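Below you'll find only one chain, the form predicted on its own, shown as C-alpha cells.
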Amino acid sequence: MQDVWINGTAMAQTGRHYGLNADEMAARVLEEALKDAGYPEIEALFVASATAEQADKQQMLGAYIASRLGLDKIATYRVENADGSGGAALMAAAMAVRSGLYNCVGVVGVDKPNDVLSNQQQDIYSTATDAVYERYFGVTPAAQAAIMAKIYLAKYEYKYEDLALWPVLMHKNGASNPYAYMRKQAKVEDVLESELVSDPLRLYDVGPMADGAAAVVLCNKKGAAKLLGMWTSTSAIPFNNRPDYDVLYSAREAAERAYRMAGITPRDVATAEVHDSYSIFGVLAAEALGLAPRGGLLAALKSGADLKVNLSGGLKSRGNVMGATGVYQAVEVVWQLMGKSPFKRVDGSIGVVHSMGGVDKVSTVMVLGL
C-alpha cells in the first residue's frame, strides 16, 4: 500500500457566483491546486457534486472540467453522496492512490445551488431523504434535525439558549475567514430573535446554501499533509426506527475506524471540521468524533471551553456548498495545520474532517497529519 499525501490545495470564496458555470468554477480551483502542487501529472480526476444534474442540468461534469484544462486522456469519475459527496470523493481518490493504481490524482468539489430558486433548493436538498417513505410525505432534513434537537435538549436538560451558542461560535470563527459566505459576528439574542424554521430550530441554526468549489491534489509522494486514516460508514436504520436520536451513528463508527487506522485518539486532534448543516448536527458530530463526551458539548461551550472545531465557521458561516463541502473541509484543515492564511496555526499536527450525507445516512472521516 502506498502512502497518500495532499500535495496541493485551493478553494474559492463561497457565495453566489451567477457569472460562472460549475465546470468553470471547478477548473479554476483545480488549476490553483495543481499549481500549488508543482503541476504534477495527474492520471485521474474525482469530482464531487450533489446538484449538477438538478441545478445545472449537467452530467459528465468531470469530462468538461478536464476539457477546460486540457487534461486529455485522464480518467474522470463523478462521486455523489448528497452533501457528503466531498468526503466520499476524497475517500475514493485516496483509495485509488493507496492501491497503487494511480500515482497522482485531482479531487474537486463543486456545487451551485443558487442557480435555482430557494424553493427548488429545498426540493433538491430533500432528495437526500427516503424518496418513498419520507420525501413523498413532506418529511424534510430540517424536520428531522428539529426532532433530534428537541430530544437532545430534553435528554440532557439544556435550554434552546444553550444550543444557540453553536451558531454564535460559528459566526465568530467565520468572521475572520475571507472565504466564508456569512462573515459577521452574532449574539445569542440574534439567534433567539431569528425566524423559526422547524421548532426549536431557527434561521441561525441553518447553514445557508452557497455556490463554491474547492480542490486538492493527492499523490504518493511527500506533500503538505499526509492522510493517516480514513473510513466511511453508512447507517442503514430508517429515521423513524432509530433507537437513539442524540447520536450520529455513521459519524461515530467512521471516526472510530479512522482513528484506529491512524493510530490516534480524540485527545490527539488539534482541529476538526464537522458537518453542521444544522446546529444540532455540529454538536452531535463533535461528540461522535470524541471531542466532547456524549451530551457534553453544550456544557463545554457554556463553560467557555476553547473548542477547536470549525475554525472556518462551518456550514453555518462558510456556507453549505453541498457536495463540495468535504473538499472545502480538507483544504481548511490542511491550512489550519500549516498556519496558512487566513488561519492561524493550531497547536498540534493532527486534523480531522467529518463529511456527512443526509441526516446521519453516511459519514466519511479522514485523519490528516503534518
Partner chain sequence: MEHESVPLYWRNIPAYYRLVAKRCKKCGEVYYPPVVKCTKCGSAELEDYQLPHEGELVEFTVLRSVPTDFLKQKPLVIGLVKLGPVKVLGQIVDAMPEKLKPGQRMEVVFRRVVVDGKYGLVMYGYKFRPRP
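All of these numbers come straight from a predicted model, not from anything done at the bench. Numbering follows the first chain given and starts at 1.
Another form exists, predicted together with its partner chain; not displayed. Remarks below refer to it.
In the predicted bound form, at least one heavy atom of residue 130 sits within 4.5 Å of its partner chain. Contact check for residue 192: no non-hydrogen atom falls within 4.5 Å of its partner chain in the predicted bound form. Of the heavy atoms in residue 245, some are within 4.5 Å of its partner chain in the predicted bound form.
In the predicted bound form, residue 150 approaches its partner chain with a heavy atom inside 4.5 Å. Stretch-level contact analysis of 295-303, 150-158, 249-257, 169-177 against its partner chain in the predicted bound form, using heavy atoms and a 4.5 Å limit, identifies 150-158.
Out of the listed residues 198, 271, 114, 235, 198 is the one that sits within 4.5 Å of its partner chain in the predicted bound form by at least one heavy atom. Checked against its partner chain in the predicted bound form, the candidates 182, 88, 228, 146 yield a single residue with a heavy atom inside 4.5 Å, and that residue is 146.
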